[in-house]
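Coming up is one lone chain in structure tokens, specifically the form predicted on its own.
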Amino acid sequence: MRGLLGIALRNLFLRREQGLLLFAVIAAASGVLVGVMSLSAGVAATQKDVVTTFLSGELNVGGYFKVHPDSISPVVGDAAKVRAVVEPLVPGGCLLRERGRGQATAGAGRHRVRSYVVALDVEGEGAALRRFKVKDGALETLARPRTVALSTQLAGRLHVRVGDMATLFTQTVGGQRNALDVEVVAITERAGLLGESAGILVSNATLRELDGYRPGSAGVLQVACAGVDGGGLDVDGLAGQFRDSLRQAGFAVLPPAREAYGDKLSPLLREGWAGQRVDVTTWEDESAFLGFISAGLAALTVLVGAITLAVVMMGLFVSLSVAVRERTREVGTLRAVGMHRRSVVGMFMLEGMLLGAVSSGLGAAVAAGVCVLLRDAISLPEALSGFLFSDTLPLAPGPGHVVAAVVLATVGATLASIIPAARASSLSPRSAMDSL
């Protein structure tokens, strides 16, 4: 084996001018693949950060209340009883925060815009409010009654600034229409698509007044795990424990579904029941409507991976096929001095594998380094920043991306060398004499 490896390395070095172009192509293809995987990972991380800041905890215990079968509100009527059941199950390092949620139309002058409402426990969340990026004003001011924070997109469409007055219009839990004059106390930075869909922030008290909820009610209890490795938290398993405990406590619990709470309102409204239903969801459920972005990036990664594999295999196949024809005398001589057919196969396959591994390794490592340098350094146009949840290019290269690119290219190179290696092994010792 060591002898074959030495011969393969010597051949690659002697034919370095011929292999340089192929080396560069494989390295470039591997680098592009690492770049796409880094982008996909960066968008996924940014999306989760934005979703768990605005919409969801790692886990959510919300509910739907129907005064009669023809109305529905996303609220838990007696939040204290639900909290008493789930709070002992909250993992260490996480906290249970109370948020509100709903829909409203914001108006200022003749301008109107409809959006989802996110209500905050301003005093309880404390430092966690810093996860919101504020462009103007201060979110802590939401502790004052009848105040609102708007996203940059909504403030622009309403033509309001901090200090201006706006009006929130909604339908109460009893079905009556209600309006509340509120002061704009903060404007948040862009948060991708959520800046349009969840652009109204108020306090829990303001939301109760707007929607007509009674004291003690809550929109949702969220398990927030800032500082905990989200990858180590089995949210699906924990959600199952929450559902089992709530059922044992006598609550009617909705079955799991990969949908955001807003997407469940219309289907549940058509059902004929009345009263309270509790719903346990994960952050992935609540961001299911954004799944097309992850699916698109995953499809792009697969496409680039397939192109990389095709480039490596076609390039190696053509290069080694030419090499076999040019090295007929060499192969015949090796066969004449006693080299077995399987050793000839091994020699050519080692050449392909070495070329694939070295070129893809170098290309992937350089690409990972470039991604680190460019991370958050390239500004994005407004239309693209909405889909990527960031004003700058979100790149998150990792060792796994480099390993995946190298393994893919090396396996492709090894497979591509099988046929040329088999042809080389079929040469007889006499071919060396015939080629003279």
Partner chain sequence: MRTRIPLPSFVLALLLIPVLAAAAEAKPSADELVRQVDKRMSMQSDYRGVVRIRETRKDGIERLIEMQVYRRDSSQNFLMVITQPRNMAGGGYLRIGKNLWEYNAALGHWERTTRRANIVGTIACEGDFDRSRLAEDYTAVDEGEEVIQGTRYRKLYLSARPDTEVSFAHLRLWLDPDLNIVKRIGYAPSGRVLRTDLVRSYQKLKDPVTQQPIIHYREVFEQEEEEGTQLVVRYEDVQLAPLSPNLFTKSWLEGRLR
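Residue numbers count along the first chain shown, from 1. Only a predicted model underlies this, so the values are computations on that prediction, with no experimental measurement involved.
There is another form of this protein, the form predicted in complex with the partner chain, and it is not shown here; the text below is about that form.
- Of the listed positions (I293, V122, A260, L180), a single one reaches within 4.5 angstroms of the partner chain by any non-hydrogen atom in the predicted complex, namely L180.
- Note on contacts: among L95, V253, L300, M165, the single residue with a heavy atom within 4.5 Å of the partner chain in the predicted complex is M165.
- Partner contacts here mean any heavy atom within 4.5 Å of the partner chain in the predicted complex, and among 105-113, 312-320, 241-249, 335-343 they occur only in 105-113.
- Within 4.5 Å of any heavy atom of the partner chain in the predicted complex lies no heavy atom of R270.
- In the predicted complex, the partner chain lies within 4.5 Å of some heavy atom of F169.
- Using a 4.5 angstroms threshold between heavy atoms, V160 counts as touching the partner chain in the predicted complex.
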